[in-house]
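Only one chain is shown below, in C-alpha cells, and it's the form predicted on its own.
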C-alpha cells in the first residue's frame, strides 16, 4: 500500500513515520510513504504558496496552483484517480470502520492544510474525502495525517507480526480492548488476575470478553449501546442457532453491519466480500427489504424462501447454491492427526488458485494475506488447505488427489475448527446439497446440521 502526503513540512512526516512499527513495515516493503513539498510546485519566485483571502478576513489561504500541480505530479502514473483525503475539522469523523475502508486501497493521497485553509476550487478538483480526527483545531494537517496512516497501515497484511492482533484489539465488535498484564505476577501488592495464569484458554477468552464489555460500558457508552443492539439481535437469532449461526457469528465477531432489524426481519452486510445476509417473515416484508436495502446487492445469503422469491421477481437473481449449515458446539478440541499444518503465505497463492474452484483470485489473496488459510504439508510439499471465509464460516477445503484417503482432509477440518474455537468463536461451515462425502465428514466430526437449508442467491 502506498501513502502520498502533500505537505509544506515533509520532514515532519518523514521523521514521524520513520520509527517503530510503521518505519519497519516500510523498510520491509509492506507499505511505502512519501512526503511531497507543495512549495516545490509554486511559480512565485520567492517560493510563496499563500495569499490573502478574497472578501477579507484574518489569515492567509494556500493558493490552488501549487496544490494542483503537486497532485498532478503525484498521480501522473496512476491508472485510476486515487482516494484523496483532505484533513479538515469540517470532515467526517475518522474511526476504525473508516480505517478498514481506506486499508483496501492501493494508493492514498493526503492533503495537509495550513493557515486558514486551501482555496476551495482546488479542493473541488482533487479531493474525494474530507476527514477530521476530532472536534478541535490544529496548526496543520501533518499530525492528523500521521494518525490516519498509522491506523490504516497496521491493517495492511504483514505490518503487524501477529496476524490476529489487528482483528481482536480495541474497537473490535464495538468493544474496547480488555486489560493486559505481564511479569512480574505481583507488583506493588497488585496481582495479575488468576484466570490469566490458569492456562485454561477458554476461561481466558471468556474473562477477556467480560472485561471488554465492562470497560466499554463505563468508558464508551456510545459503543456499548451499539454492542447491546447487536447482542439483542443475536439473542433473537439464537432460538434457531444452527440455522442462523452465520448471522450470529457475523455480529459476534464484529465483521458485519446491521442495515435493518425489526423482529425477525433482518439485513446484515459483510463489506469484505460484499455479502448481504437476510431473513424475513413474510413475502411483503421480503419485498420491502429488497427494495430498500438490496438494490445494489450482487450476492445474498438467506434462510427465507420468501426472500429468494422477492429477489427473483424484483432483481432477476436466482439460487446459485442450496446449502446445509453445520455447527460445532462441543467444548472439546478435535484431534489433529496430521502434524505438519502451517499458516499459508503468498508463496502458496498459485497452488490454492489452481486447485480451488473459485474465480475470484483477489478473494483468495485476501484470505491468505489476512492469515486465514492453512495448509497440510507432506515432506515439505503442500498437499491440501483449509481456511476461514470473510463472513466467518470454515471452508476452502481441498486435498490433493494423491493424498486422499490418508485422513488429511479430516485433520485440516479439525485444525480449522480448533483454530476458530481458540479465538472464542463458534465454528461452523456450509455443505452444498448432495455433497455426500462432506456430509459424512461433518457428522464424523460431531457437527450438527441445521433444520432448514440456506440459499446463496446471485446472478451467476
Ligand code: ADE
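Being a predicted model, the structure only gives us computed values, none of them experimental. Residue numbers count along the first chain shown, from 1.
This next part talks about the form predicted together with the named molecule, which is not shown.
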Query raised in the report: Would residue 248 sit within 4.5 Å of the named molecule in the model of the complex, counting heavy atoms only?
Result: no
Query raised in the report: Looking at the partner-bound form in the model of the complex, is residue 144 within 4.5 Å of the named molecule by any heavy atom?
Result: yes
Requested in this report: Spell out, yes or no, whether the shortest heavy atom distance between residue 134 and the named molecule in the model of the complex is within 4.5 Å.
Outcome: yes
Query raised in the report: Is there a non-hydrogen atom of residue 333 within 4.5 angstroms of a non-hydrogen atom of the named molecule in the model of the complex?
Result: no
Query raised in the report: Looking at 87, 352, 301, 149, which has any heavy atom no more than 4.5 Å from the named molecule in the model of the complex?
Result: 87
Report summary line: Of 259, 209, 378, 138, the only residue with a heavy atom within 4.5 Å of the named molecule in the model of the complex is 138
**Report entry** Stretch from 97-105, 353-361, 125-133, 239-247 whose residues place a heavy atom within 4.5 Å of the named molecule in the model of the complex
**Finding:** 125-133
